[in-house]
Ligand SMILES: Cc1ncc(COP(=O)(O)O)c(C=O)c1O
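So this first bit is one chain, no partners, the form predicted on its own, shown in structure tokens.
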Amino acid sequence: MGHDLHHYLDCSATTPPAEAVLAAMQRCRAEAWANPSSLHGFGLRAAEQLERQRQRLAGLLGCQAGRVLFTSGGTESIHLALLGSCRGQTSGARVLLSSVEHPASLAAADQLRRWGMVVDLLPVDRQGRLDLERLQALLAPPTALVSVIWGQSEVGSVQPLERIGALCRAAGIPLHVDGVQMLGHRPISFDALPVDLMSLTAHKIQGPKGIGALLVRDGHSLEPLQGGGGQEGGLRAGTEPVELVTGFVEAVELRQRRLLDHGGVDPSSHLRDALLQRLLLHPGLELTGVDPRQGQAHQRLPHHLSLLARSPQGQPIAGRQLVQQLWRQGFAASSGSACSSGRQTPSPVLLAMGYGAEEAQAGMRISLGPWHGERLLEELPAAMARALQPFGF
């Protein structure tokens, strides 16, 4: 049962590649395997495929093809966005991030600190939503860049991007958005958003690992992080993986088509809401992040649930232990907090949201894929009840 894809509930971590994605990659491997920089016919065929896919992706994401830079994934895109935007800034220039960013953004921010820049983490409320008043107060010199995670991977909170972007635009400060978790779950039209940079990756939406993109607003100045052959407009040297690019674009098209077929709404949200209703019948579980049943569905990722578990005495249950017990029931979920050398540490995201240190070790995440159906409504709550038995239920 543990190998049944229906029991894989960790789609915010990664997803299995879709059959159509694998087929598109196989065709590309057969027809356009050469180096796109080569001037012979084999290379020209690969170059044509690469640019055709770039145009296709730009069309799907509502921007010009020249605004799409292919990278190795979300982490590289984030680093290129933050570090590439801030090279040459004077010491003491400030970058603003939310306090619930992905570790990739925090790692890039650490590098900025080493360059002499000031990094401020903006507070969030109990649901993980950004304090817009604090943001607005800091949108003045020496602030040089704002970077915000659109859909939070651990607790599912969706930031009000249009409002954040409008504040940044009014202040003349560029905005980078980590769109990794949002891609495929809400239609994206980059040119219509008040955003200057957006980081994306393929493997969260049934595309291949090792490929992502950075969308860059026309006129935004960016410095490369690595030199070499001058690929990607001189901003990202290295031979382009045309096969991975093809798989990425195919995955985006599949997800965009699914959204269009359902009026622009991810149909996973209906299953997620029903699942939440049943899971919360168990007295040991509570929701973290925005409650989508309270008329705030747009403020939470549609395929995402995050829970905190407590014993009958009210003591937090380590999320890692509960995830292991759930796997013994055949279901793959994830612990909300980081593990290091076998030890669980409090989640920085839950700490930033005001949870205590013990509570911040008790988070777990369930994230759905397009293949999940109503079977889960019976099977998962029963499996969760069995997984909680060793903790006194």
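A quick note: this is a predicted structure, and the numbers were derived from the prediction, not measured. Just count from 1 along the sequence shown to find any residue number.
Below: the form predicted together with the named molecule, not depicted.
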Partner contact for R186 in the predicted bound form: the named molecule, 4.5 angstroms, heavy atom: no
Partner contact for P174 in the predicted bound form: the named molecule, 4.5 angstroms, heavy atom: no
Close approach of G74 to the named molecule in the predicted bound form, 4.5 Å, heavy atom: yes
is_contact(D178, the named molecule) in the predicted bound form, heavy atom dist at most 4.5 Å: yes
Site check R300, S306 and M364: each within 4.5 Å of the named molecule in the predicted bound form by heavy atom: no
Contact assignment for the named molecule in the predicted bound form, among S153, S98, Q206, T288, heavy atom within 4.5 Å: S153
Contact residue in the predicted bound form, chosen from T246, S157, T201, S147 - any heavy atom within 4.5 Å of the named molecule: T201
Option from 178 to 186, 267 to 275, 160 to 168, 132 to 140 whose residues, in the predicted bound form, bring a heavy atom within 4.5 Å of the named molecule: 178 to 186
Contact set, 99 to 134 vs the named molecule in the predicted bound form - heavy atom within 4.5 angstroms: H102
